[in-house]
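We begin with a single chain expressed as structure tokens, specifically the form predicted on its own.
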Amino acid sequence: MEIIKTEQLVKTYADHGVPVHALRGINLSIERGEFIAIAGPSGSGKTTLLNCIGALDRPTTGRVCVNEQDIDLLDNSERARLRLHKMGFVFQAYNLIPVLTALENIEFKMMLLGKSEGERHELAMRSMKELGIADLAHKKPQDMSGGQQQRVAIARAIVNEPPIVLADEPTANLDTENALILIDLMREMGRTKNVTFVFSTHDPRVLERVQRIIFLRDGNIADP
């Protein structure tokens, strides 16, 4: 079943008055449960495409549909609800709240979803156990390694079992061992929970393990 679709997706930025064509008419279809990568050199449009799919940015022209709904027709509050309830995000910089523990970082998303304190704790701990980081529950980000912080970020992304997880260069700051562990953990989650994982990456360690690669060059889908 198709969960994400883009039609003639165009995104143009203005850089000091000069137009920058980040995306030039992207047509893309992604099925529920796929484990895919958006690849390409720096400046090819990977992150821009991910941001448009994730309702973090609006296209200049064209459409992005999630579950057959044109998300550009949603107002800002509706787009925020879509991101909160239907998507999980994993960023290269982790984006953990430094004053909160790992458990509190994960529970914070549950609080936004209106879960009770007991349910927040139960779901957050379950998510951490699945990723093998339950022992980090009461540690703050500065007391964790990069690999540990990224696992916490992934636990936060998948804690409410969203149908879509978008990951922007999730392994860029990790050594090979930790990168492979995380990729395999996410792939298993995609298989067992039918979650759609879409990566923006140029990391060959990720590309070797995905089901499909969408290669971008100069804002267009191209052959690798």
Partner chain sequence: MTILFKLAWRNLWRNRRRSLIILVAIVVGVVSLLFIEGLVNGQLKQLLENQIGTHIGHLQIHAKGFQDDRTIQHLIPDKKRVESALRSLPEVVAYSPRIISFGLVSSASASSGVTMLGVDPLLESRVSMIAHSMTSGEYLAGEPRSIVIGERMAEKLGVEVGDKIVLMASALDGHVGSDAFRVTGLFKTPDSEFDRSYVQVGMESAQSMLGVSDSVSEFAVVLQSADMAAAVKSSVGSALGESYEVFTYGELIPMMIMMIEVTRESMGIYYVIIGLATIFGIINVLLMAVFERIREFGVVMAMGMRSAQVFRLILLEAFLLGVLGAAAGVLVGLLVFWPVSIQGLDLGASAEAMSSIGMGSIIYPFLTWADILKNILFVPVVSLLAAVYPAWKATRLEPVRAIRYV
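Residue numbers count along the first chain shown, from 1. Predicted model only: the values in this text are computed from it and were never measured.
What comes next is about the form predicted together with the partner chain, which does not appear here.
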Problem set entry | Site test, N51, D57 and A93 vs the partner chain in the predicted complex, non-hydrogen atom cutoff 4.5 Å | yes
Q. R120 near the partner chain in the predicted complex, any heavy atom under 4.5 Å?
A. yes
Checklist entry - Does any heavy atom of K46 come within 4.5 Å of a heavy atom of the partner chain in the predicted complex? => result no
Please tell me whether any heavy atom belonging to L73 falls inside 4.5 Å of a heavy atom of the partner chain, as the geometry stands in the predicted complex.
no
*asked:* I'd like to know whether T101 contacts the partner chain in the predicted complex, with contact meaning heavy atoms within 4.5 angstroms.
replied: yes
Checked 137-161 against the partner chain in the predicted complex; residues with a heavy atom within 4.5 Å, sequence order, are K140, R156
